[in-house]
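Only one chain is shown below, in structure tokens, and it's the form predicted on its own.
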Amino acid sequence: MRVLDEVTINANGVLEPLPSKGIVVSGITKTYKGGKVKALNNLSLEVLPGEALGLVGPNGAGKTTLLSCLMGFLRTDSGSILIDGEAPDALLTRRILGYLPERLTFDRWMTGRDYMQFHHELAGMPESTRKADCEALLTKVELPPSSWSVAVKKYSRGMLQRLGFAQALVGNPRYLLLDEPASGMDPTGVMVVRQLLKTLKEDGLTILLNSHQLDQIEKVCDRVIFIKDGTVSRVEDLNEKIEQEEHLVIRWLASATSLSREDFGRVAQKECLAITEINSDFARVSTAGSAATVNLIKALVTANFPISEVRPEDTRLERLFINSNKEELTA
């Protein structure tokens, strides 16, 4: 069996893709100003083939520096990075990486279509499919066809983000590194990015996502890595079900019941850790977890409260992020 770029040719002459080995980062350190500033400090992590991994941390934690090292833009002082067993700056690695930076830079005189076709050619993709491939990617990110022939300098920030995302997908990358992909987008754009990430993950892409939008990471990623002061402070498996305190807003139709705030408090207090606010048609409460929340809703419905809405006030990642900060302050 012989190797040809990212595929092998087996004994029967059939092309087969090489198995993905994932991304392995081992003890990397990156300093600036002659070693005085440590952007990354003995950081290690692994991105498994086919998973979506989220990066979470405060500004200056080292997340963007990490992505720059993974892309081969920056050299580490020590440690190693392997992507499918190759170094970040290897030509083979370049062929399988898609990247969307936080700060976008475009040839502003180009149209969106020209920009995509230029990068399609740079990626060594066939000219015969260039027009169709680029239009398919622009459609995938839902950039309006009316803008494809417009100069990039006339694009809004959200349109630029969509164009950058489409360019990151040129060449059918195996790995997708995204630095704040929904930055500057309106709510519709944020939802488009979220659905696109889910679709790409289902298609088998391995995704590394840096975002301050914790709800986006929670809806897309399998695991999340918390980075603090250039090193990994915590790893959380989002597929693992855990019981933790839940903060809820509960609303009911006040016009459809004669039950009072006092009645709500009497029914709810048995299942709640705390009732922080009660109004005529809503309340804010805390429960010990999902099981207690189910019991609370059941008790309220049994007591004839016409419940219209139950929603969390924060997400699992928000609670983890807040609690980890509290732990550091009290340590």
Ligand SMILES: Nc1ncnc2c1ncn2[C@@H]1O[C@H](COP(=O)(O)OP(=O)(O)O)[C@@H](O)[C@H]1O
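The first residue of the shown sequence is 1; numbering continues from there. Bear in mind the structure is a predicted one, so any value in this text is a computation, not a measurement.
If you look for the form predicted together with this ligand, you will not find it shown, but the lines that follow are about it.
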**Listed range touching this ligand, judged in the model of the complex by heavy atoms within 4.5 Å, from 44 to 52, 285 to 293, 302 to 310, 59 to 67** = 59 to 67
**Message:** Whether E102 contacts this ligand in the model of the complex should be assessed with a 4.5 Å heavy atom distance threshold; does it?
**Reply:** yes
**Message:** Test of understanding: in the model of the complex, would A39 fall inside 4.5 Å of this ligand by heavy atoms?
**Reply:** yes
